[in-house]
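A single chain comes next, written as structure tokens; it is the form predicted alone.
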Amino acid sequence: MLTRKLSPLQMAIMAAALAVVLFPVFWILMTSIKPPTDWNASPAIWVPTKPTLVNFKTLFDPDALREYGVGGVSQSATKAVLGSLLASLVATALSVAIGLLAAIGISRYGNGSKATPLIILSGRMFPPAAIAVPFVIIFSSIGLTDSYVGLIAIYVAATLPFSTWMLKSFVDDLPREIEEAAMIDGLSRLRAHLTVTIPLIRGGLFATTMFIFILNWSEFMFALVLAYSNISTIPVQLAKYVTATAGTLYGVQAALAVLAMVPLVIVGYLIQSHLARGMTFGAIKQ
């Protein structure tokens, strides 16, 4: 592989860009370990002199901040964390399973139209705010608002175009002759896909699963309009840390944001080599 050294100017530009990108992460991390007295300090305290874990403790014990004379935390984040895990995991599994079947069907048994994947992806071309209200009206009429069933359903509908789009690219890269050889050996079409196709694209299947999980885990708009009292997710809980009695609980918000970022950073690292390939399929003709 040919490599090219960066010039000093290019390295300086890259370092500046990296600093801009990482600064919000640094600020969130520092805020998450600041005591309440440092949240709104002027001038701003970049690195706390007396770091504390009280903000993380407050996530699961709403009374932890009272030792600093701060109130206003009405509920713990336990329900939101568990709700995000439940909705994200189930919705990801369903989206990938349905998307895999659709991808195989389009790639192997479609009419060959190049517009089909684009038509599928067009479902994501509308902003979430534009389709959230219609979903709320529909779900209200069938009793699915403020329920995990409704939240999971809308997550699946929102991420299915991406899962189908990405998985089709991996199925397209697999020669048809491998599946045909399996069918010649006596396997049915379904059995050939289960025993040949899926194992051979397991890397792409894993990458797609992780990418869809990221989308579901960080989704805010749909959870906001569908969650009232019975369900909650981490993005919605972050918004609830703005209270009338205590103002914005910056440290608690930052602590929950740190917890929310951990799985995203891990997942993002695991799938980084697959994302460009999955999102640009068809760009290179063989």
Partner chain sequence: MQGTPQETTQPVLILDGLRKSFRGKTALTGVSFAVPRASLTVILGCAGAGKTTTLRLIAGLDQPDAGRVVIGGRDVSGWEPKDRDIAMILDNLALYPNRTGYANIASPLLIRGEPPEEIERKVTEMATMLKVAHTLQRLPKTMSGGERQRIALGRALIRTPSLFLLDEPLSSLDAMLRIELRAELKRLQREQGHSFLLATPDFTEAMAVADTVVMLRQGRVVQIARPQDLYDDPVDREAATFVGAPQINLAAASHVPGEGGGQILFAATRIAVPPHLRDGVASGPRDFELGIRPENLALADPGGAQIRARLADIEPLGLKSVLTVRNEAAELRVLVESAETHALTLNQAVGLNLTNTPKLLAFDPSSGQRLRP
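Residue numbers count along the first chain shown, from 1. Nothing here was measured: the structure is a model prediction, and the numbers come from that model.
The same protein also exists as the form predicted in complex with its partner chain; that form is not shown, yet it is the one meant from here on.
Although the partner is absent here, Val136 sits far enough away that none of its heavy atoms falls within 4.5 Å of its partner chain in the model of the complex.
Proximity of Leu121 to its partner chain in the model of the complex: non-hydrogen atoms within 4.5 Å are absent; the residue sits far from the partner.
When its partner chain is considered in the model of the complex, Glu180 lines it closely, a heavy atom lying within 4.5 Å. Heavy atoms of Gly143 never reach within 4.5 Å of its partner chain in the model of the complex, leaving it off the interface. This chain lacks the partner; the member of Ala132, Val81, Ile214, Leu200 within 4.5 angstroms of its partner chain in the model of the complex by a non-hydrogen atom is Leu200. This chain is displayed alone, yet in the model of the complex one of Thr195, Thr116, Gln75, Ser147 has a heavy atom within 4.5 Å of its partner chain; that residue is Thr195. Contact with its partner chain in the model of the complex, judged as any non-hydrogen atom within 4.5 angstroms, is confined among 121-129, 152-160, 184-192, 93-101 to 184-192. If you take 5-23 and check each residue for a heavy atom within 4.5 Å of its partner chain in the model of the complex, you get nothing at all.
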